[in-house]
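Below you will find one chain, with nothing else, as structure tokens; this is the form predicted alone, and questions on how it binds or moves follow later.
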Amino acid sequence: MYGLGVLKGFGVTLKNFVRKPFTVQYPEERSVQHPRFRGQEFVWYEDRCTGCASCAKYCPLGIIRIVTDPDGGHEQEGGDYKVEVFDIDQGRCMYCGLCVEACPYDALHMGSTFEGATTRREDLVITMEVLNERPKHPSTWFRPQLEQQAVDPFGGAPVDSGDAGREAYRWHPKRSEDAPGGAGK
């Protein structure tokens, strides 16, 4: 009985020895990701953000910090808030996506990368300046309109803020570039 078990074990070993490996040698090879993958790289459209702080309110960990100035201009149209600080602490983020779901203006999107390793914890806090400099390649997670437009979140052309929303961009007022709180902020 002992010899039969050893032979069965060798049979399993030989069967798996000729099988194609499942392991991907990561830095050299990359596995294919789904376009709805929720990665570390948040995509934020400043011109769509009104400073309502819905994303910060619905974050279960409280990692989003928003500071606004109520004097953003356009008082005749009801006024605007100027977003002065928009920080995300990725070191504590669990990437649940509740902040993206809560944003009524589609200003915040999940990204598609996961290579954000660093040696200092302070570097995991993403500031407004870093978010503005990043290429705009949002994940299609929770954004079916991006999937319908065949957006490639891993490259290709960046997505314009007018095309990133669930609805048409008609709600956003047309303002001049030089006006305070306008598109040229």
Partner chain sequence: MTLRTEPVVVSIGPHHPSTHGVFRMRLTFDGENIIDAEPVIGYLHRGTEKLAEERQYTQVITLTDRLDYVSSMTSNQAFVLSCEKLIGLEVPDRGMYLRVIASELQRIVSHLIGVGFFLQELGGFGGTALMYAFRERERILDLFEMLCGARITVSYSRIGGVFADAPADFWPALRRVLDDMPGYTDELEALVFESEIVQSRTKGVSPIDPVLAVNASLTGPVLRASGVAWDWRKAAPYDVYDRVDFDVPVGANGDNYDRFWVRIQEVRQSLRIVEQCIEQIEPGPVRATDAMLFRPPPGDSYVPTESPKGELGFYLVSDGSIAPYRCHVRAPSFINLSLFKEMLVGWKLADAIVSLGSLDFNMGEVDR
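Since we're looking at a predicted model, the values are computed, not measured. Numbering follows the first chain given and starts at 1.
One more form of this protein, predicted together with its partner chain, exists but is not displayed; see below.
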So, E101 and its partner chain: in the model of the complex, are they within 4.5 Å at any heavy atom pair? yes
Give a yes/no on whether W44 approaches its partner chain to within 4.5 Å in the model of the complex, heavy atoms considered. no
Do H34 and its partner chain share at least one heavy atom pair within 4.5 Å in the model of the complex? yes
Given that the partner is absent here, does C59 sit within 4.5 Å of its partner chain in the model of the complex, heavy atoms only? yes
Relative to its partner chain in the model of the complex, which residues of 2-30 have a heavy atom no more than 4.5 Å away? Y2, G3, L4, G5, V6, K8, G9, V12, T13, K15, N16, R19, F22
